[in-house]
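Quick heads-up: it's one chain on its own, the form predicted alone, in structure tokens.
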């Protein structure tokens, strides 16, 4: 049951342009010390998948810095390991410098690398669905049902606003896909939404890519699944664990704050037996709390220096909070500096941002105030 992994790092960059201006979606910071890709990489490694290809397009310098040789995920190997596939490496790639819009276009652009995969099965996943899932269970289900393609789904009660940003799958009692609804605008009610996790035989994926090149197909959902679901055995795997789909800047803020307010969500991600979430290890000093500091209900990474008040907030490595400063309901990324006497509420700062002394900044839960990378206010 040997399997390889394919991760799409850029597919949904436009969902949160504030955070992907200088990085890929895969390298967006999350949860105090992690990046989005850490969850997908960890799920694969925990499922004994050690041959992983990361398809990227542009802005991938931070992704390369984060992954390095892959040793933090046990992927620094003589055979297999992790490979970052740069854009336009075949004649079938886009002929203009624009972001590919679909997974199928991304797969076509790395056709040569796909043709070299020797493992029997392949697991494809986006990097912006945050969950802790055992891919072995999906692969086993795929084999037991004799499926040609298996798609992980989650059953949710959707509003029209939620439905229009998801692909919905209908299936019979046996789990065979009978219909696909791509981003419906008027749907309301319970439905199975795709988690953008797909399992199939490597040979079948290679066939799909070659056929798509020949026929100029661009959408895996519309041109492959919808066209073939009535004469191919496409199945859904119903995942019942926790997941967070980051489809907007507000979603990013809400799901980050959920780690503080929902212990069940936090445990479902980080406290699953034999399925830890790995990330790049840094040798930072422990966080320092001065005698004037006051912290409550917060996640604070190593290397932070706290002299003020931090309430219900997430602080990444190296954040400094000045004396008499107050930080509430905020996400402060790496090496942010908050000056003495400053007040922040519902604020997200990117790396190396500086808030000077006595500044007052406030956003809202549905629209947090954002300070871009390296900005001083």
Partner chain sequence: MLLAGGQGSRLYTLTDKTAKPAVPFGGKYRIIDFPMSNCVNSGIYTVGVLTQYQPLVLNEYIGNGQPWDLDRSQSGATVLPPYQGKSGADWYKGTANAIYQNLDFIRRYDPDYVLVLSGDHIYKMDYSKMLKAHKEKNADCTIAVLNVPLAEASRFGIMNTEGDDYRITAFEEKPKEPKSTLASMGIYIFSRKVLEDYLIADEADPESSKDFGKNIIPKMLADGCRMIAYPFKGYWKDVGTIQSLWEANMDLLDENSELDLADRNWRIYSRNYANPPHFTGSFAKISNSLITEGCHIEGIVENSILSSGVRVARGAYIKDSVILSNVTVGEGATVNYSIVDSDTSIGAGCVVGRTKSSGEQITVIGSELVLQPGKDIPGGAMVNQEWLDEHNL
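Numbering follows the first chain given and starts at 1. In this text the structure is predicted, and so the values were computed from the model without any measurement.
Although it is not shown, the form predicted together with the partner chain is what the next lines describe.
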Joint contact, 29, 351 and 377 to the partner chain in the model of the complex, by non-hydrogen atom at 4.5 Å: no
In the model of the complex, the residue from 289, 217, 242, 187 that sits within 4.5 Å of the partner chain by heavy atoms: 289
Proximity to the partner chain in the model of the complex, single hit among 85, 299, 168, 158 (heavy atom within 4.5 Å): 299
Proximity to the partner chain in the model of the complex (heavy atom, within 4.5 Å), stretch among 259 to 267, 107 to 115, 170 to 178, 121 to 129: 259 to 267
In the model of the complex, residue 274 touching the partner chain (heavy atom, 4.5 Å): no
4.5 angstroms heavy atom contact with the partner chain in the model of the complex for residue 162: no
Exercise: residue 206 in contact with the partner chain in the model of the complex, heavy atom 4.5 Å: no
Touches the partner chain in the model of the complex: residue 33 (any heavy atom, 4.5 Å): yes
